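Same chain, two versions here, written out as structure tokens and called structure 1 and structure 2.
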Structure 1
Amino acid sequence: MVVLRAGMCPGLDEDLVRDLRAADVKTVEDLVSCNLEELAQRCSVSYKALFAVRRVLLAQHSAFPVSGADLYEELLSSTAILSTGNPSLDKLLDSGLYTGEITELSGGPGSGKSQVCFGVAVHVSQQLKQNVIYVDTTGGFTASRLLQMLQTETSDKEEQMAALQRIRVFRVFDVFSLLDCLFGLCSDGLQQASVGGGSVKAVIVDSVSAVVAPLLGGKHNEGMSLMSQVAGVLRTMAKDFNVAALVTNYVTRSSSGELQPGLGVSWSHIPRTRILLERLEEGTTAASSAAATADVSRSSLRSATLIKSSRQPCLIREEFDLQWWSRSKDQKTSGLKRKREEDSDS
């Protein structure tokens, strides 16, 4: 259900929204399904004005049939693949993040979700020269950390500042502020967020569970409705603006004790791709010891497991260095060479 907001269409101003809410008409569905003549009398507005607003909203939110051939042509012309900057994650994601889709990173505290988001933002802004929207819901975003990563990519301060300018940050700490932010971006914010001629290609929400999870459970279902709205606007943004949406989620344990992404079954259908991040314990695998000999700290090693994908077999697992984005170009080159040798030996 889409909440009625001022400016959604011509004629729907703040006064009309307030009158509609007073008449218990709060969503597009409420307005479409009610009796317009009775509603016009209750709100003291003209029937003609209400009819025009409803017609526009129907055109905006109704589903229309599209042929498979048209969808395929649209896919070929609009889909782009954005590298995360980390070869192990790119391999797991079948080359990277796909525009038009939502990708989820789930994991417990210290699993590296935010660090991966930082790395993706830096790589897209500095290497791909594209704009990034970073929505911080936990207060964990730090520009100094991004600058440290950028300094390993280039020593040119102008390039570093240009890359930072291409990352636009929004800080929101409740689901209503998140919805306002996302709706605003869909209306005109994505164009306004473009810097230096590039377009917005990635929208990162770290984390969606921080503002949604506290509202779930109990006797009331408002939390599920708000979660559905967040999911809907993220899908619309990814599809209509050809951006890659990356969100983070917390984890819970199943009845068997295994880690699984949070927010329940309803949310599990939203991301096209889901990755579970975990810390690697010492001596877990042979790859861990091999990485340790390559001057990689065990504390920065993480495992990434693909638990949902439409392109790759699920439960594929990759190990990667969380500090990859902070390493110099020479270290990255030698690391890639070593990884290729290990892959060929295996």
Structure 2
Amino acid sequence: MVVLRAGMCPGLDEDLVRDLRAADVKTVEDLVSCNLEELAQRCSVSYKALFAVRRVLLAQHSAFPVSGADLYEELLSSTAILSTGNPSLDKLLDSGLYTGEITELSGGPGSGKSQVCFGVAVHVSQQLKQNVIYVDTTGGFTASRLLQMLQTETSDKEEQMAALQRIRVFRVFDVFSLLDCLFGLCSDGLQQASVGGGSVKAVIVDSVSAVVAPLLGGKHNEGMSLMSQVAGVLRTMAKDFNVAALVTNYVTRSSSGELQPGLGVSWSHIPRTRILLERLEEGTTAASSAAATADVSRSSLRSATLIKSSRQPCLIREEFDLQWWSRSKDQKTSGLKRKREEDSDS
């Protein structure tokens, strides 16, 4: 809704706004939808002038169609794929998080959602040297864990600090502060969050459900509306500023006992890619051999299932180790080698 104000466009002066208001035309939508001939008579202004005003307002406030060919060219040059730093997750995501899209991680408590977010933040900031916005809604953000992950990447203190500098953390604990924070970031074009000229490539919200879920249920018009607003601002942010949005969500059980992401069906259309994280139980077939060899890291084994994607077949499943991000480089290569051997064995 855009209220008509004097000076919005040439020809729309205070007298005309007053006359239009008297004729019950208060917004741009009203003006655009009404019968101009009748309106011109009622307000005793020239039809031509009114038509010109309508045309300018329409051009100002409507979205502009772009040719598919141009859009594709633009996307080819602007889209980046951010590796998560974890080969198994990258495989599920078709090589990483795509900018311009919302990717969702869902899982129960202790399924490793936040740890994956930390790992992604560290990887994007340290390896890809890009800025990251981390919106923490649960108070679960721990800088010391990030530093721990960074220490395995590099022993250079300054590099570690530079990487931490590139991760900008916002703490918000209700939906209004979240919206405030996201709209604020959008309105200044993510400027304040980018340190030292680099651009922001990833926005992480851990978790969306923590602030949205309490609003749902009952006569839930308002809660649903706030949820749509969060979704809307995340989508525009991802597209307009070309950043990858990563959000986390909790899980519920359906009546048949199947795990499914929370926040209901209206939210389910929002993320373009959804991944379900689960803790691996002991004795599950493929995991048992890995768990036996590395007894200590048994608890850090997780499975990730792709449950929605526009690029990959759904329901593909990968197993991975949360400790991955805190391993040194040679451990990673040897781990990768071992994994390859396991894959070729099976």
Partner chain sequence: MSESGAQVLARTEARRCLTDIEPRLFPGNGGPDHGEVVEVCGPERTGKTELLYHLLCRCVLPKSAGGLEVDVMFVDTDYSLDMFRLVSIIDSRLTRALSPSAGSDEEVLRSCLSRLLVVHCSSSSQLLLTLHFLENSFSSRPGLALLLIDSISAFYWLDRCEGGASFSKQEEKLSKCSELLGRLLRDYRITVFATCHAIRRIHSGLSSSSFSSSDSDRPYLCRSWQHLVTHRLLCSRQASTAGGSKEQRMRQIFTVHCSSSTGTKAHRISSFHVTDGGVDFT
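Each form is matched to the other, and the largest set of C-alpha atoms that superpose within 1.5 Å is called the rigid core. Fair warning: this is a prediction, and the values are worked out from it, not measured in the lab. Residue numbering: structure 1 sequence, from 1.
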Chain form predicted in complex with the partner chain: structure number out of two: 2
Co-assignment to one rigid part between structures 1 and 2, F183 and W267: yes
Rigid two-part model between structures 1 and 2; small part's rotation relative to large part, whole degrees, is 44
Once the rigid core is matched, what's the CA displacement of F64 between structures 1 and 2 in angstrom? 3.3
